[in-house]
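Here are two versions of the same chain, shown separately as structure tokens and labelled structure 1 and structure 2.
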Structure 1
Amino acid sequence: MNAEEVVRQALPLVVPTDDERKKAREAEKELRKRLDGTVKSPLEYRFLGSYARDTWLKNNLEIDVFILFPEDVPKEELESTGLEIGKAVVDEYELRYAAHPYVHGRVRGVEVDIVPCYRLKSPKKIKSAVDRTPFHHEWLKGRIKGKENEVRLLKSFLRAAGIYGAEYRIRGFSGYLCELLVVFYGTFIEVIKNAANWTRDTVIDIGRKKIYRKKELECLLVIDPVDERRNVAANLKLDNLARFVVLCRAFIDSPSVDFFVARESKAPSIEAILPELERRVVYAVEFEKPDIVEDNLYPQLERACRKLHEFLNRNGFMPLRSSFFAGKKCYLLFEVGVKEHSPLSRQIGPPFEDKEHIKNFLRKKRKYAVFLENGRFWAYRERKFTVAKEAIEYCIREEYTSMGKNIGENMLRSKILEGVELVYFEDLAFLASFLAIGDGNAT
């Protein structure tokens, strides 16, 4: 099959059914009725997001309602009143957090978000990120008309690969970014064809309809047509950009409906994982998960993981890979190339021609004699850490306050699992992926 035929076959997988649309309309009607009785002037409500623009995916219905407040309303009042309205119009609710708290709930069995924001004249005066959403909707609603299914195809393609969603746990492509790309390129297939040639220094200027490269750019830059100071792809992880580009090339070479269907990652058996844990040097720092939202938790886990990785590297333990995981508990995972050092390391000194530096080098008091090798002075020095596990423990003990506001104290009470102790890790599919065994996707 060619790409066009595959896309036709994929449409039933991504387009909502008549029954879903009927359920959505009934929930919207009831929700509007409740909002009309609750939201009073000078406040107003608007339906925004993928439901309002009809770009929502099959089996993924969620209605976003924004409560717009005048600019002069204090933030505390916006938050408290917004929560009161949200609680009043949904059947059941829970509080969630973005730029500020909002209500997530259900109406007639349909998931609903009630989000307060400011009604602004210009996106340049936003007080929080959600204030841009009405401007995004206005810019998109006419331009996306007739291209709704193209957006659905792109979202489904990304979701099947595990890279749909800008939240920090995923750091993939947001729904807004998907819609902008379809507006820019015209169709799903054109997005795929062009993305196959993207590089990390690619810049897409949506408003000016330009694409170019910018030296030293670390990852894709997509300029927000609503606010040119903002990169819509700011949360996109470089590895997820790479995954997308490689998938686009694969789709062009061999189009298939399989690209729109999520593949279940099956963990190898414990019997398959155990020999790897026995012969490799793997550690997991296990600690209690703090009660905070994911978008606050994951950046802290990433920071702590990076600091420990760099510490292991500076002390010569050759970290091969590191990652983090949050389930019932939190974990920082490390595989190192060196488990244990000899007690001594070599310190490089100056070549014999360098008179001044030699004097300083020889003047220092040392336990071991300085020696010459290949025309250069060298000295032995005692290692501070000879065992990788001890280095991890030390780094946590000394640096926990800088590893994350909410996880630092918990890390101080952490437990370090080593080797075969990881067979009790709570997600063996993730562990297998970290170890690069089985058919799990790369972490």
Structure 2
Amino acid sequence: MNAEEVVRQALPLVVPTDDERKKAREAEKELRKRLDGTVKSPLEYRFLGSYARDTWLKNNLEIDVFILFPEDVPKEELESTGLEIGKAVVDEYELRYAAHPYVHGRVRGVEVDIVPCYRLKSPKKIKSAVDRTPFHHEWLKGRIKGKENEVRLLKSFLRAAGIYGAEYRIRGFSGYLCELLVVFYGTFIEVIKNAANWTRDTVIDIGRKKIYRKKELECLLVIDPVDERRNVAANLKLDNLARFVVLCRAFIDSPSVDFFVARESKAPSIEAILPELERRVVYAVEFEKPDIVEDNLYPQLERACRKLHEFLNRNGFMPLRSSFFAGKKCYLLFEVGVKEHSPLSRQIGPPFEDKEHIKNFLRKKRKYAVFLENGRFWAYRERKFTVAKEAIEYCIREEYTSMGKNIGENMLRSKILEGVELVYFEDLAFLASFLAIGDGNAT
């Protein structure tokens, strides 16, 4: 089957059904009625986002309504009035947090976000990220017309790979980025064909319709057509860019509808995991999850994970891989290459020519004699830790304050699972993937 045929077959998977559209229109109608009764001049409301542009993914409907405030309204008033309006127009609301707190709720069973923002003359003047959304909509709405299903195909392709969404838990491709790519390349298939050749230093200048490479760029740069200072792909993780590029090549080589369907991750058997935990050197730092939003939690977990990883590395444990997980509890996972160290390590000293430093080096009281090697002095010193668990415990104890402001204290009370104790880890599929137990696909 060629790519065009596959895409035709995939369409029913990604395009909302007539029933879904009808339900959406009814919710919209009801919502507009409520908003008309609530939002008074100089405030106004607008339907923005994927529902407004008809690019929402099947079974993924969420209506975004933005309440636009004049520029001179103080932030506090914007937030309180925004929440009031939100609460007034939706059923069963909850508060969520982005740039400002906002109301998430339902209208006629359809999910709705009511987001306050400022109405600005230029996107250059924005006060927070949500203020840009009206400009995004303006730029896109005419250009995306007729290409809505191309956007849906791309979103679905990404979602199946687990890299759809810019939120920190995912660090993939945002919906807005998907729409820009379809505008830039024209069709889903063109996006895929071109993305197969992207590199980490690729720059896509949407507004100027140019693509080029920029030395020493660390990950894809997509210049926002409404604000050239902004990288639309700023949250995209390099490995997720890599996943996408590799998948694009795979799709071109052998197109299939499977690329639009999330693979069911079979729960791995404990029988497969247990012997691995037994023979390898794996640790999980388990601690209470703080009550903060994911986009705040994940960077802290990432930071703590990186700090411990680097500490293990500096202490010669040859970390193989590390990762983090937030479920009921938080976890930092580590696998290291060294089961046990000798109690000694080498300490570098000065070269023999360096008179002054040698004096200091030789003056120190030591248990072992210093020695010369290749014209340089060396000494032995006692290792602080001979197994990685001791190093992890030490690093948490000494550095918990710099691990992340909401997780540091919790980490201090963490429990370290080791080896087979990890069978108590919450998500065995995640663990199996961390251990690279599986069928050889990149994770």
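Structure 1's sequence is the ruler for residue numbers, which start at 1. Note that the rigid core is defined as the largest set of C-alphas that superpose within 1.5 Å between two forms. Values in this document were obtained by computation on a predicted structure and should not be read as measured data.
Matching each structure to its source, the form predicted in complex with another copy of the chain turns out to be structure 2.
After superposing the rigid core, the Cα of G37 is displaced by less than 2 Å between structures 1 and 2.
Core-superposed comparison between structures 1 and 2: the CA of W378 exceeds or equals a 2 Å shift. With the core held fixed, the Cα of N313 is displaced between structures 1 and 2 by less than 2 Å. On rigid-core superposition between structures 1 and 2, the C-alpha of K364 is found to move 3.8 angstrom.
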